[in-house]
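Before any questions on how it binds or moves, here is one chain, the form predicted on its own, in structure tokens.
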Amino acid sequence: MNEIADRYRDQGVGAVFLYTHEAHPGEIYPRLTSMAQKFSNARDLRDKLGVTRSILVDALDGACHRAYGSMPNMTWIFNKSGVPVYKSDWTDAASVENALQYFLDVKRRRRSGARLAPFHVERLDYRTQDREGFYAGLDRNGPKAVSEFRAAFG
């Protein structure tokens, strides 16, 4: 996602990462109990995982996360008026980039004089499943996160 943010920055596309909470807490990154802990985890996200986008930190109670759907790995794209034009319940770089290309093309078409009217679309996208990468991410939180996930989901 960092690469996509970098690639489209010059076209007026901004990108932020909203840090909400640990989806699978463990010994290293336990359940959040304070904003100081939350800010520390967000800094680790930036430093250890190399997130280069601006990171916004949600309230301790997750108010922003709940307001936008509470899914564990969502992506939203808003136009400059603040209207949501893309919502995905899972972040997938190819899907996000496809949407950005489409909406930038809409902008180009409007500038060339096309009269366009919005309409709602639902689409099923596909993402690559990376079980090893997923478990490596769980492992960053600690062995408890891995064992609890395996116990819950097999």
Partner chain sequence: MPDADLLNAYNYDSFVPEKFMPWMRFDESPPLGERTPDFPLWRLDGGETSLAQTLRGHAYTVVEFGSFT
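Numbering follows the first chain given and starts at 1. This is a predicted model, so every value here is computed, not measured.
Below, we refer to the form predicted in complex with the partner chain, which is not included among the displayed structures.
Novice: Which residue among 64, 94, 116, 36 has a heavy atom within 4.5 angstroms of the partner chain in the predicted complex?
Specialist: None of the others qualify; the residue that does is 64.
Novice: How about residue 89 - does it come within 4.5 Å of the partner chain in the predicted complex, if we only consider non-hydrogen atoms?
Specialist: Yes, residue 89 lies within 4.5 Å of the partner chain in the predicted complex.
Novice: Would residue 70 count as a contact of the partner chain in the predicted complex, using a 4.5 angstroms cut-off between non-hydrogen atoms?
Specialist: Yes - in the predicted complex, heavy atoms of residue 70 and the partner chain come within 4.5 Å of each other.
Novice: Can you work out whether residue 48 and the partner chain are in contact in the predicted complex, taking contact to mean some heavy atom pair no more than 4.5 Å apart?
Specialist: Contact with the partner chain, yes.
Novice: Answer with yes or no whether residue 120 is in contact with the partner chain in the predicted complex, where contact means some heavy atom within 4.5 Å.
Specialist: Contact with the partner chain, yes.
Novice: Give, in sequence order, every residue of 21-42 that has a heavy atom within 4.5 Å of the partner chain in the predicted complex, or say none if there are no such residues.
Specialist: 21, 22, 23, 24, 25, 29, 31, 32, 35, 39, 41, 42, in sequence order.
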